[in-house]
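Only one chain comes next, encoded as structure tokens, the form predicted alone.
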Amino acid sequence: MIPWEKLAKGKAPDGQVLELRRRGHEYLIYAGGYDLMSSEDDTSSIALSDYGCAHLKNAKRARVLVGGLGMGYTLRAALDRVSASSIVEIAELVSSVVDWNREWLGDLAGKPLEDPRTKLLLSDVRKPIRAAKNSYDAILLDVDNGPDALAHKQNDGLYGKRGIDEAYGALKPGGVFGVWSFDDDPSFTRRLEKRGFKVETHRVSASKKGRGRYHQIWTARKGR
């Protein structure tokens, strides 16, 4: 078997070290003992935008916030599902991940950072969420490993009561809060419902190679 080649290292603000690795044509981002994402497992990241932006098919000047650049798949899929007059903001906390997309990973998802509708925010995604009021048509979180499988402890604030309240307030009426996760978390579903979201869950394939693994996506719609 071809060994993994370590291409680069980066560090999150909490000190967590991330590595970019490559084996043949496959790329891997690794952090904190977790394989955060592989370029061969893009199907669920794309599905997050498929579900989270489905209501924007005919929308003009939509405003979408994506939390977590990763390898660019969620961002690219969101761009592909909104109009030419729309804006997709991408909040990425780790500058190295942005650099990796520009140097190594951009072609995997069609260079989404170069799309003129993309607005890059080198920021914790909580910052634009907290600053917004009834502003976003969709907020899509492809951050860490989801509500119940964190590699970065500070991300816990995204999925608790406060984070859910902030996302609710940042969405326009009828807007959708979409969340990707490594696995299901019924307690997160209950928190969303308690806040007043109309919640749907989706079990999606984790691999385009059919490896038999599945990920979880929530779409939580704010009432009109």
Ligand SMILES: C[S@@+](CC[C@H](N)C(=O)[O-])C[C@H]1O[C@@H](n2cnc3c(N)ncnc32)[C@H](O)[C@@H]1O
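Counting begins at 1, following the sequence as shown. As the structure is a computational prediction, the values presented were derived from the model and not from experiment.
The form predicted together with the named molecule exists for this protein as well; it is not shown, and the discussion that follows is about that form.
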Notebook entry, point to check: Using a 4.5 Å heavy atom cut-off, are 37, 92 and 123 all in contact with the named molecule in the model of the complex?
Noted result: yes
Note to self: Give me the residue from 97, 132, 82, 113 that has a heavy atom within 4.5 Å of the named molecule in the model of the complex.
What the structure shows: 97
Checklist line | Interface residue in the model of the complex among 192, 53, 167, 69, criterion: non-hydrogen atom within 4.5 angstroms of the named molecule | finding: 69
Check: At the 4.5 Å heavy atom threshold, is residue 143 in contact with the named molecule in the model of the complex?
Finding: yes
Note to self: Using a 4.5 angstroms cut-off on non-hydrogen atoms, would residue 181 count as touching the named molecule in the model of the complex?
What the structure shows: no
Item checked: Partner proximity in the model of the complex: residue 158 to the named molecule, non-hydrogen atom cutoff 4.5 Å -> yes
